[in-house]
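Encoded as structure tokens, the following chain is the form predicted alone, with no partner shown.
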Amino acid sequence: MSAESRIDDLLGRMTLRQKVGQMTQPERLHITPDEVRDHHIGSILSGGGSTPGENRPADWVAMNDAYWAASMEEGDGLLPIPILYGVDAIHGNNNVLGATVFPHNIGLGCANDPDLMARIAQVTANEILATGVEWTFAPTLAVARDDRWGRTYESYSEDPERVGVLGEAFVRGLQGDLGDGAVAACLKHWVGDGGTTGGVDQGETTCSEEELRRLHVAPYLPALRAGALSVMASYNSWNGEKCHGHRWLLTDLLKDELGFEGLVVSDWNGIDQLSDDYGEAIVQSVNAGVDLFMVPDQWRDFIEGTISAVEAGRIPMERIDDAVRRTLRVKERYGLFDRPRPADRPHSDTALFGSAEHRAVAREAVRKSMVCLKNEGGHLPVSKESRILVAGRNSNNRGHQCGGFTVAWQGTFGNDHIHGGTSIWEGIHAKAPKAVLSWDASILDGEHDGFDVAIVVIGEGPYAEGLGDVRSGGPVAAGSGGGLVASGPVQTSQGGTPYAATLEHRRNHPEDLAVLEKIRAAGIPVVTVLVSGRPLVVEHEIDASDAFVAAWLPGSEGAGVPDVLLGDHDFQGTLAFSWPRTDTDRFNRGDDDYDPRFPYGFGLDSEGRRV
């Protein structure tokens, strides 16, 4: 039987309630396997920090196996259709303890290596499959145009062409030929999320259709041609109309003009923003073209509201059938109907999860993503035999170097929750036996043997989505984590307020500049490493440094940073974002008045020459 024939057969046997169940995606904390069976649920997801058991691959396999078994039960009123489980595995399978955590997209954009992107995606797919899961909400194809946006680090570049090339490579690496080693990709967020006014998360993107197509639609085209199975609608609005209810964007453009045959999934409670009347929000979003609804805890209301709207004639049955067909088509093309249960799949709980082989790819990505912005006085590379002072609050903090969407929605701090990786200090110490760690440089207050050079690791703490915005207060809308957190030390980005009011780093983290100036006053040459999710205004920090390196958010394999600083590899990264000089700079490549501190494409090697 052909794929479409199997879908036709299933649709012909389904009741309206079963069809709406297939359109429904609750969060795991809010639904049991029995409820999956009884309500004919089509998909489950995990929000950030929502993890089973001890958060090991075996725990995930057991959880999804139970959901799968429930979805496949037979009997009166039941129609076996396998569940599809989705996670935000956006830089490795970052939800799970012991996973290989890759640099966030902003760093990978600076590496600009499509082959590396495909290998990263393949490793990520392997580690997702190890948990018995089939679908990741990645890659993000946002073209971030304002560094104040809290999701800037999820963007590969301010340039749509680079985003398109890397996004396509990532999709091909995830999905391959959709065989045993594949996971389903999801392009997000459709569309214009990187262009909001002021960089406000979930805000308003105001531009012409021509500009929307040129900047924000263009990166999707190669990824769609690569066969991406799903697309996620965006929280933002375009010219005053929310994307979740925008029929022209979801149906006329994406499905009809571009020929997308997969499913469109909503973001976390994304339809709630369409109307204060939940029933009206359902009608708008279904009729606009959303197919699968991420309704974490309100899934019962969604099911009943959708059925009522269909019975009242407010949603055509043809639209329901199209939505269900698209969901079943993704399951069919992925081969979900023919795969064994999660407990019996060949990749489940494999020893490759977090393996040295996988971490080697991540370490390579760290090396290639680093960008040298200043190199004066011949202090790079640092000799391994030097007496090195290692300082800065991000020097020995795996949580900070991984950033948001790591174990918890907002990320973590410290080393306890990033299992199997290395901090930047740990990488330095393994190579340079005379290196000494004093994060606040307090060692200089007493007797010491003197230092030839200091490596100072400064930067931001973790954040995700609107909690990472740089703006003056105001409400921060809940995002895809919905406030879920992991146990233990969790970074909460100042308790629900935007991360900062300025891009000027010395005002947000004066302790970093204080450490640099203290070391500089002691006459020690300074090599500064900035760990951040975006370009920052760091004029004072650069002036206090002999060399200055942007390491972005390198992930779990912090040892990749000293691989370059200590000379085993040279710098290869170049800026995928223009670097601001002042807090009012909003430069993007191609602007008429283009005059950034460092231009798009800038980067030095260890000799101080342009890469």
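Treat the numbers as computed from the prediction; the structure is a model and nothing was measured. The first residue of the sequence shown is number 1, and the count goes up from there.
Unshown form predicted in complex with ligand BGC; subsequent notes refer to it.
Of the candidate stretches 61-69, 46-54, 568-576, 552-560, only 46-54 has residues with heavy atoms within 4.5 Å of ligand BGC in the predicted complex.
In the predicted complex, none of the heavy atoms of D512 sits within 4.5 Å of a heavy atom of ligand BGC. In the predicted complex, none of the heavy atoms of K242 sits within 4.5 Å of a heavy atom of ligand BGC. Taking the partner from the other structure, ligand BGC in the predicted complex has no heavy atom within 4.5 Å of any heavy atom of H400.
Contact check for R151: a heavy atom falls within 4.5 Å of ligand BGC in the predicted complex. This chain lacks the partner; the member of V290, A500, L187, M294 within 4.5 angstroms of ligand BGC in the predicted complex by a non-hydrogen atom is M294.
Among L249, M232, V526, V143, the residue placing a heavy atom within 4.5 Å of ligand BGC in the predicted complex is M232.
Taking ligand BGC as positioned in the predicted complex, the residues of 249-273 that bring a heavy atom within 4.5 Å of it are, in sequence order, D267, W268.
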